[in-house]
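Just the one chain here, laid out as C-alpha cells, in the form predicted alone.
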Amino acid sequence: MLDRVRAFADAEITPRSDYFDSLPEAPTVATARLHEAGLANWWIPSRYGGIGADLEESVDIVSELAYGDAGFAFGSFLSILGTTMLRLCGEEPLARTHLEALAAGGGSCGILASEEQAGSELGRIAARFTHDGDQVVISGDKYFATNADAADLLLAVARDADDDADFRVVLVPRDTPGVEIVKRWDMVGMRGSATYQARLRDCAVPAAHVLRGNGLRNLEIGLNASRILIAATAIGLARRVRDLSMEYAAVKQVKGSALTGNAVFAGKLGQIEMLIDVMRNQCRAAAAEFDRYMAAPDPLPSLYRTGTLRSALAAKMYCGQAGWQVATIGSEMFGGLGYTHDHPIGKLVRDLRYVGLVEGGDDVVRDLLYSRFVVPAGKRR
C-alpha cells in the first residue's frame, strides 16, 4: 500500500507544488483521484468497506503524501478525528451508515469544535443544543473547521442549553438547513487544505445523532489520532527539505568544490537525518500505542479513562519543534533564495510551521503534559 501511496504522490501531488500553494478550490482534482486510486479514508475498518490501515501504517502514508504537499495530506487524513469519534461513540446504525458512505464515496468529515472566544479552552465552548421531541437543535459559531464546506458530515461540539456542564458531539449532515460557511481562511501555509469559519443556526437533526458520552472526552480521544498524523506531516516535509538540499548541493560550488563535499553542509544534513529518524520513531511509537487500545474488543472504556495519550502529545510537540529546526537549517542552506516564493523551500518553511500550531500550540501541549502527567495523580484536573 505504501508503494501505491508513493506512486500516487509522485504522479499527482509532488509535481504540482504551485497549484497546491494557490489556495485551490476544494475538493481538489487530486482528492477525487485519491479515491479513484482506492486510497481515500484508508483507515476506515474493512467491516465498513475501508482498507483498514492502522495508525502506525498511517504515519508513513501521511509522510509520503506530505512529501508532495502537506496541505493535501492534512485535508486527506483529518477526517480520522471525526471517524474515530463516530466509530467509538456513535450507535452502530449511525456509525455504519456514515462510515460505509465515506469508504464508498471517498468523502470527508468536518469537525466543528474551535470557537473564537474559547480558543484552546474547550470548556468555554458557547455553541448550544436543545431537545425538541425526537430531535436536537444546535446553534453556534465555529472558527476553524477544515474540510467543512465539501464534507459529507460535520461533527459539532456543543453544550446542552439546559445543563452547562453537559457537552456532546452532534452529527450534522452537511446539507442540513441552517449550516452556513461564513468564509474560507486565507492560510499562510498548508494552502492545499481548505479551512473555514462556519455557523450553525437552528440546525435540527435526529436525537440519535448525538454521540454517547462526554463530548470533550470524545474529542480528546479522537485528537490522539489526528495529532499523531499532524506530527507525521513534519516527517514528509523534512524529507523534502533534505532532498532539495541535496539536489542544490550537487550543483552549488563553494570554494571551487561541490557543496556536497563541504563539512559544514554534511553536518547540517546529518542533523536533519537524525531529526527525521527520531520524528518517525516517536510518531510510530505513539501510533502503535493508540493501535493497541483500538485493537481491544471494546476500546472505549480504556480510552475514556486515559483520554489524551502522553505519547501523542510528545509526538505533536517534538515534531513541531524538530520540524521547525529542519525548516531553519533548510532555508539557511539556500541563503536569500530560501526566503522567496521562487523556490519550493519557502513553501516548506511555511507549511512546517503549522505542525506546532494546529490542534494545540506548544504552550497548550506543555500545559496538558504538565497537568495530566507531571502533577501528582490525586491533584490532576
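None of these values were measured; they are calculated from a predicted model. We number the residues from 1 along the sequence you see.
If you look for the form predicted together with a small molecule, you will not find it shown, but the lines that follow are about it.
- The closest heavy atom approach of residue 12 to the small molecule in the model of the complex falls outside 4.5 Å.
- Proximity of residue 25 to the small molecule in the model of the complex falls outside the 4.5 Å heavy atom cutoff.
- Using a 4.5 angstroms threshold between heavy atoms, residue 271 stays clear of the small molecule in the model of the complex.
- Contact check for residue 294: no non-hydrogen atom falls within 4.5 Å of the small molecule in the model of the complex.
- Proximity to the small molecule in the model of the complex, defined as a heavy atom within 4.5 Å, singles out one entry of 172, 86, 113, 225, which is 113.
- This chain is displayed alone, yet in the model of the complex one of 187, 205, 211, 99 has a heavy atom within 4.5 Å of the small molecule; that residue is 187.
- Only one of 164-172, 250-258, 276-284, 71-79 places residue heavy atoms within 4.5 angstroms of the small molecule in the model of the complex, namely 71-79.
- Although the partner is absent from the chain shown here, none of 56, 63 and 243 has a heavy atom within 4.5 Å of the small molecule in the model of the complex.
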